[in-house]
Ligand SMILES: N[C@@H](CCO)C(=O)O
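Given next, in structure tokens, is a single chain: the form predicted alone.
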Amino acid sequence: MRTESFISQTPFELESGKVLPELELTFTTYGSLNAEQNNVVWVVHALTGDSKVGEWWNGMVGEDQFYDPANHFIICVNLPGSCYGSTNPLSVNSMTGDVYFYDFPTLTTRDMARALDLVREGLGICTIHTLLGGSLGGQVALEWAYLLAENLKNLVILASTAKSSPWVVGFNETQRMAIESDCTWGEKSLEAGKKGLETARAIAMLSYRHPADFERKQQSPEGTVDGFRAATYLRYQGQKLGNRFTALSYWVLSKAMDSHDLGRGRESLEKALEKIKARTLAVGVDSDLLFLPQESQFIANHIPKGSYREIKSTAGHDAFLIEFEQLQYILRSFYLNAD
């Protein structure tokens, strides 16, 4: 495993018309590029993930796993806006010499895809064998697949969508409202909005899981009248994220998720999907309450070389991070059926 930084000192113009005077992107690689340069597996992380995909997806990436560094050159880049080493609201604006804080510009998933392409070009990689992403990562991967055209062979979209629904935007807005309600929000501080972020994460967990999963795992003993297991679980999850992430990055990344619309400025969503050249596997989760299975089906139905498979799980949206055996079986079939 190697973690490095890509720094572009050329101004990076965003979809909004605003400009980041320089762009730093932290990325982690596993394995080596082969002589034919046809073994690149590029993973795009979800909302609060990071570039160390071998840690948070260790059931899929790592020694003797499905994507093994012995056979693949695996890359994951920390998305711009995230607080794990890439340019984000706590970075210094080189034009002013001040930390961005609340002046950090709005990013879109299209901006993020273009940023990833800068890293690809910087590494001298022409063709990507497989591009994978789940949730927000799937949205960014779709945007990038559109740009890559023939330079991408296989695309795997996990529990994601071609356009953020009002349901997703609504969930994200309630989380930002929670952050705004924190009395420290607005302060120019690393800790600004931390308690609000904890609440936001608790809200998000309700969309990442399914009622059946809570029933199975968070049931309190008979006769409980306070201190319910589900309540302590959500508080724990909120505190855990609050200790490793920042409210400012969460704000920027959730806004990017809201912005996602592959069809924006491209005639229609269907027309945009039709232009993706790669063999595509869209994987839905039968119990996903955030990105519904039919949204993954829509992707598969409109990409010319698209196919759909479904994970069966009570885990909800997060099943793509948990159900490794099912996902490996689905992926094995996808590759076996390649032309």
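Residue positions are given as counts along the sequence shown, with the first one as 1. Quantities reported herein were computed from a predicted structural model and do not represent experimental measurements.
Not on display, but discussed next: the form predicted in complex with this ligand.
Within 4.5 Å of any heavy atom of this ligand in the model of the complex lies no heavy atom of residue 272. Proximity of residue 61 to this ligand in the model of the complex: non-hydrogen atoms within 4.5 Å are absent; the residue sits far from the partner. For the chain shown alone, residue 120 is not a contact residue for this ligand in the model of the complex, no non-hydrogen atom being within 4.5 angstroms. Taking the partner from elsewhere, residue 48 is found to have a heavy atom lying within 4.5 Å of this ligand in the model of the complex. Site annotation in the model of the complex: the residue of 73, 146, 208, 104 reaching within 4.5 Å of this ligand with a heavy atom is 208.
Put simply, of 321, 25, 331, 20 only one has a heavy atom within 4.5 Å of this ligand in the model of the complex, and it is 321. Judged by heavy atoms within 4.5 Å of this ligand in the model of the complex, the contact stretch among the candidates 297-305, 61-69, 276-284, 39-47 is 39-47. In the model of the complex, this ligand lies within 4.5 angstroms of a heavy atom of only one residue of 128-148, namely 135.
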